[in-house]
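Just the one chain here, the form predicted on its own, laid out as structure tokens.
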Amino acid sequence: MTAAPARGVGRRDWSTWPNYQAAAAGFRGYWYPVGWSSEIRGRPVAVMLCGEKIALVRDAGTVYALHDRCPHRGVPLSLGNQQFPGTLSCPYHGWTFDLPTGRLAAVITDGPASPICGKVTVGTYAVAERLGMVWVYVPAADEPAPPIDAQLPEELVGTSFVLGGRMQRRDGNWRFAAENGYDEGHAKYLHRTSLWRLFKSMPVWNETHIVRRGRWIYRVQDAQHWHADFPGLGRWTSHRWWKVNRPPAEGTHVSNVGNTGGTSRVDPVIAAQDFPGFASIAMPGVLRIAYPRFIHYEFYVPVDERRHRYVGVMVNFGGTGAAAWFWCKYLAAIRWLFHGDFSAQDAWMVDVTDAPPERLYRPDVSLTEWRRLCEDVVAGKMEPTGRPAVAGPRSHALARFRRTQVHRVRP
């Protein structure tokens, strides 16, 4: 008889968070970014979101989303085209669907009087365009889509800014990506070799607690330790002589804007938000990292149980001159250093993460509080619908793509 594994400190599975555990293919009842607006035109585009196949097409300036399966023989509608304005035709037999309603409007190979017209529909999805991106709403039941602005980070609504970003289909479950983004411990060690941090020292470890404010939870740094003496091993620090920021003395003021020390210059828009901590996360998987002069956001978009779409955007709130300078820096360097080399280290770890089982340590309070937030929010969303707000069955993923975009956004 095999002995049961010894019990120790830390949870080994996710049974404490049952809704989170069930959300392998994502949470329903949310808007998700699925592509850059400039890439969705008259030719249909296939995407997968929360395990569901979706065909996107732009008609007369408006983007529509249909379930990507013709009910006739199951051919993807994204392989079709527009034979008539306001419609999308299946490439197989010319079954033609009205874009706003999904209703079968014509069957080209059965003539104008085809009796099946009006008796068949395909599912449709609510679509919105914000931040230079196309967003699709995945309902939890059959509820109408709520206003998308209520889900966006508050500081991005009604504010002028310039935005640079990258979308990338990545391997690994979306939850691993969200946990990696909000994880307290990894950045100071994993990213110490990134080119983005080449000239910036990072703390060895922090003393941190989590604060919930509204729909966000924040990592609040109580103390930063830039050197550490490990008994019997020696001193460890990430500081090197070429680093431009010298580690502050122990016990000095701890900054909660950025994670490489204090700063005397904070953008007025960022300062006005009065963030309790520099790192925050909200449902359904939106990370916000506040730096002194810009904010970095990451949206972890579920493709299916094994893959996700990484959407990373960097926002600068300065005036015209500052925006132009940021735009040039982003195109010339930031997109390669931050959304390239730096972010690739995260993608590597997300791809190879295999949990549960797991053993947690003190800094993982960031993970457990994120899971707790998910449980609380899902429980609240389930009450009026009586149905779980998690995605459906697993399916095949969208082919890998890499795109970079820069946008100027005005209120």
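Quick caveat, the model's predicted, so the values are computed rather than measured. We number the residues from 1 along the sequence you see.
One more form of this protein should be noted, the form predicted together with a further copy of the same chain, which is absent from this view; the next part is about it.
Using a 4.5 Å cutoff between non-hydrogen atoms, residue 310 does not count as a contact of a further copy of the same chain in the predicted bound form. When contacts are judged by a 4.5 Å heavy atom cut-off, residue 306 does not count as touching a further copy of the same chain in the predicted bound form. The shortest heavy atom separation between residue 158 and a further copy of the same chain in the predicted bound form exceeds 4.5 Å. Proximity of residue 355 to a further copy of the same chain in the predicted bound form falls within the 4.5 Å heavy atom cutoff. Of the candidates 364, 375, 59, 39, 364 is the one whose heavy atoms come within 4.5 Å of a further copy of the same chain in the predicted bound form; the others do not. Taking a 4.5 Å heavy atom cutoff to a further copy of the same chain in the predicted bound form, the contact residue among 324, 233, 223, 244 is 233. Per the 4.5 Å heavy atom criterion, a further copy of the same chain in the predicted bound form is contacted by stretch 234-242, the sole one of 273-281, 150-158, 290-298, 234-242. Of all the residues from 158-183, those having a non-hydrogen atom no more than 4.5 Å from a further copy of the same chain in the predicted bound form are 176, 179, 180, 183.
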